[in-house]
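Form predicted alone, single chain, as structure tokens, below.
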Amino acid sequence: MTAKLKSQGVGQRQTLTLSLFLLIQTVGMVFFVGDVISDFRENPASVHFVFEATVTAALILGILFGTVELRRMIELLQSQEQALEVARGALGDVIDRQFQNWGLTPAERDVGFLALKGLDVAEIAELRGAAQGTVRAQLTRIYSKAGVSGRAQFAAFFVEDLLGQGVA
């Protein structure tokens, strides 16, 4: 499962859980409001009525606050997901442009993307149906064209660019 699907699942579960909680509180509130109205008709000056009315008022305020916060959280999760999608797309564009600037071949671009995703030589070779030696040679050419000494510097180039501190 990808990180995106996991984060969506967690956000949806949290939203569902909070919505269910608010629904249960609302049912309780309806019961208490009916009870408070009944107590008010019987004896509005009793300690029991005052206590139940206060608790019911607090419950109503809690539901209102919870609803506002749930709505705010849903909007925040949606805006964060949109920002993440933009960042993913922007990073992909930055990587693609840089690969073009370095003059990487299509095969080197594929290997470079897979290396940036964290796959090792054996995994890249298996995915591409190539020999590990071929992948190592392609990585060596990529690093040379990029002017870096290895995978860590290669990945750091893009991480620093993403953070707005591009490599000098």
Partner chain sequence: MASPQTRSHVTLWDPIVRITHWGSAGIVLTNALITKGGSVPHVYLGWGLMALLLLRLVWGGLGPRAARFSAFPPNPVAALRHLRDLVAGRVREYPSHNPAGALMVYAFWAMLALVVATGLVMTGGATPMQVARDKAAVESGDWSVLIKESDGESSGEDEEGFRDGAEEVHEVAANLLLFFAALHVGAVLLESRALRRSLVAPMLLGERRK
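Positions refer to the first chain, counted from 1. All figures in this text were calculated on a predicted structure; none of them were measured in a lab.
Below, we turn to the form predicted in complex with the partner chain, even though it does not appear here.
- Although the partner chain is omitted here, in the model of the complex all of 30, 41 and 70 have a heavy atom within 4.5 Å of it.
- Contact annotation: residue 34 falls within 4.5 Å of the partner chain in the model of the complex, judged by heavy atom distances.
- Under a 4.5 angstroms non-hydrogen atom cutoff, the partner chain in the model of the complex lacks residue 159 among its neighbouring residues.
- Under a 4.5 angstroms non-hydrogen atom cutoff, the partner chain in the model of the complex has residue 26 among its neighbouring residues.
- The partner chain is not shown here, but in the model of the complex it comes within 4.5 Å of a heavy atom of residue 15.
- Contact with the partner chain, judged by heavy atoms within 4.5 Å in the model of the complex, is confined among 45 to 53, 127 to 135, 59 to 67, 97 to 105 to 59 to 67.
- For the stretch 96 to 129, the set of residues having any non-hydrogen atom within 4.5 angstroms of the partner chain in the model of the complex is empty.
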